[in-house]
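Just one chain follows, in the form predicted alone, and it is written as structure tokens.
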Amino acid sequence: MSDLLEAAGLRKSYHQGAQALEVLKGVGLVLQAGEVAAIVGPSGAGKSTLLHLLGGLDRPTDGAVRFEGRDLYGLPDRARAQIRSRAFGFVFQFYHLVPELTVLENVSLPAWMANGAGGARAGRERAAELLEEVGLSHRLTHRSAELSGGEQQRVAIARALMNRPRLVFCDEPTGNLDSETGKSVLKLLLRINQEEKTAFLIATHEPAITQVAGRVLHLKDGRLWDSKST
């Protein structure tokens, strides 16, 4: 496997009045193409912050992120946005579905963002297939307000896989699912990893995920280290 994503010396600070709170203190990691890695750590350790920095959603205070050798934060905003829409997928902890859109339209949205209206039309078939995979083929025309929290999470997972991304960032992807649905979603992610060689970086508290990850990364006190889980 080749290096897909590399971070070096990542720092992130937030200012609270005159005080600076340093959440990440020089984090570094290398993620290879096709790898599944889990990030674990106590609540508030900065797992979500780290995923946002690695995914090009929030600029670090210091340090660098390279995707396929390109300096993510050295790129123009437009080029970085293209990488996010075409090469990355995101499963956020709080879904971020568009309430005005149907379930099918929400899942198709990344195709529209990457390729315009033509991409959205072409992507509807894949969107329907992904929704069937997560057990929501009966919800295509519903809107997010009509779904339970677990159903919204499954829609978010389908949306993240829409554009066949090289890398998917997952923030507690099974945290709002019952155990059986969580198992089926994890099985889907692993199948996508095997069949499409998609890499996954997953922030989680779920032992079932850490047991199948190729690496487990531990985040605590602003620092990251890793150990083998398999």
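The first residue of the sequence shown is number 1, and the count goes up from there. The model shown is predicted, which means the values in this text are computed figures rather than measured ones.
This protein has a second form, the form predicted in complex with a small molecule, left out of what is shown; the following refers to that one.
Mapping the unseen interface onto this chain, residue 29 falls outside it, with no heavy atom inside 4.5 Å of the small molecule in the model of the complex.
Looking at residue 175, you'd find every heavy atom of it more than 4.5 angstroms from the small molecule in the model of the complex. Of the heavy atoms in residue 45, some are within 4.5 Å of the small molecule in the model of the complex. The small molecule is not shown here, and in the model of the complex it never comes within 4.5 Å of any heavy atom of residue 183.
Among 85, 152, 93, 102, the residue placing a heavy atom within 4.5 Å of the small molecule in the model of the complex is 93. For the options 187, 205, 164, 70, the one in contact with the small molecule in the model of the complex, meaning a heavy atom within 4.5 Å, is 205.
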